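A lone chain, given as structure tokens: the form predicted alone.
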Amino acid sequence: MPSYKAPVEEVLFLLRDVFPIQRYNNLPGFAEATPDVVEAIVSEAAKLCEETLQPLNQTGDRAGCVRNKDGSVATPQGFKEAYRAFVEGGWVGLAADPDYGGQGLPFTLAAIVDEFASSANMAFAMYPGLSQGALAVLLTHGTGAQKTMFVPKLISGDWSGTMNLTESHCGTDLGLLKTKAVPNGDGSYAIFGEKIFISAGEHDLAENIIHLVLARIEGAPAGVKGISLFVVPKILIEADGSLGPANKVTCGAIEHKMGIHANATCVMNYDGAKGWLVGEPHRGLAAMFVMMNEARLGVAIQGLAISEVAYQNAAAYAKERLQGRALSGPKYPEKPADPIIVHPDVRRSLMTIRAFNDAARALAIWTALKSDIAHRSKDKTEVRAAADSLGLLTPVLKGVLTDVGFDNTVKAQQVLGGHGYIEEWGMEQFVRDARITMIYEGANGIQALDLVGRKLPKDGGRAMMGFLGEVKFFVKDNEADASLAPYLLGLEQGLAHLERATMWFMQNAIAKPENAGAGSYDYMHLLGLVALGYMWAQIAKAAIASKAAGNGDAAMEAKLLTGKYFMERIMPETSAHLARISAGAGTMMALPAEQF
């Protein structure tokens, strides 16, 4: 049976030494996040995830969710009790607005808890995770009455949230959606239509489910300009806040899918369900993007989370499994064979995963801090810079962390050999669960197109110039430190490749847009590698300083070695990405469609 140990010390090192959280005490909620409070939160979250959520991961996967004849859905055994423990601990409202019952602590801490929960039990973590996105939409675009009615209950976890976008004939191209909204004459609308792939669309964990639904008001313009957003509760709410009769929204089926079996992915039927407009008419997609961006950061963290738990189990196996002898001679002569950790190819897999995980965690926390600045700072210049960074890097985190996260689960499975293919060891579940992260909340090819087509040229390339400038400043500011040279050299080379790729797009993509499309995926990964390399340079700087102060020499040395591995073995991939980008779209687009 697989196991999981939350990386508490790794997180505390990042928050203490790499991105000192106390620097942000001028922001609301950060002053309350004292070192003792942060350590207590991280440690308690780890305990909950290790002891309550992780033991349900494999059993939940095997049992799955069951749809009853009346359309209700039962989650696997133990999930209701685990959900109650999660919400009673206040974890849903950790970073939520105190005016509505939240704790108001940094979003960064909520992102860390999200990693732990997703590593322990990704299918479970999606239930409260989706509520976070619903909260963000309602707090940003909801009316005062909607906030009062829905937000406190979502924060408490008594109610949960969903997002309803996809229909059987349209996913990415939401302009094709057919779900319609008919005015009832009392300020509400009757919603008619069918949505598919709705995560947590129906379940027995919360007493009500608050659906956020994209639909087209009768007579609205065609395409995305005619889409509106509606809040549609599963159970209608009386004027005094108590629950009334059931709304006309039901689960028509549970999707039979490759992974995340313990999360109810539903077909949702709206048969005149009563809903209320959120935000302005025909501006629903802009409102829903608040939730989608929240969700994309959450999915990026899922990619890291599954990579981490897969790594832990592969490393544990490699230290115990005896097979063959080390190429340089027996390392454990008293045993009949050496553990496979002595073999370079096994270490290649494990080091590659570990080098990614450490940097990806740093990148997730760094980005979460940018989110806190963007939403909490009163300095307009600071807010703009943080928002630029978020806009640029959200598709990169979603695409790169999930692509690599999935690849890493496969590498970890390979370490176990035949046992990795057997259900009881748990590795095949990690592979299956990780696969969806590359698809939902915008398939990764769409993330790449969004990056190159929208985020890169936005505001004259201001966000990209800001990122390049920040990395260059770090390199320049630390170039005299010889101990950092192994990390800065690789970062500089990757940065040069990124600049050349950006310039190539400027020169070749405007006249021929297919060049941008053909190179977008490689550009996303190229930018991702540079961002991860930037994280490693900062981690190395903090680790060197920590060693000099006599703190945790063995742990710091391990970080420095892992960072060197990243720069030597992973960072050089930037040159391959540049070569593919520079090849353009000619050959890729030349083969006639009928020849495929």
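Note that residue numbering begins at 1 and tracks the sequence as displayed. The structure presented is a predicted model; accordingly, all values stated were derived computationally and were not measured.
Quick note: we don't show the form predicted in complex with a further copy of the same chain, though the next part is all about it.
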The single option of 428, 97, 492, 204 touching a further copy of the same chain in the predicted bound form, heavy atom within 4.5 Å: 428
Contacting member of 370, 141, 455, 354, with respect to a further copy of the same chain in the predicted bound form [4.5 Å, heavy atom]: 354
Output flag, 3, 67 and 269 jointly within 4.5 Å of a further copy of the same chain in the predicted bound form, heavy atom basis: no
Residue 260, heavy atom within 4.5 angstroms of a further copy of the same chain in the predicted bound form: yes
Residue contact check: residue 406 to a further copy of the same chain in the predicted bound form, 4.5 Å heavy atom: yes
Residue 330: touches a further copy of the same chain in the predicted bound form, heavy atom cutoff 4.5 angstroms: no
Heavy atom of residue 580 within 4.5 Å of a further copy of the same chain in the predicted bound form: yes
In the predicted bound form, segment of 557-565, 34-42, 51-59, 535-543 with a heavy atom within 4.5 Å of a further copy of the same chain: 557-565
Residues of 168-186 having any heavy atom within 4.5 Å of a further copy of the same chain in the predicted bound form, listed in sequence order: 168, 169, 170, 171, 172, 173, 176
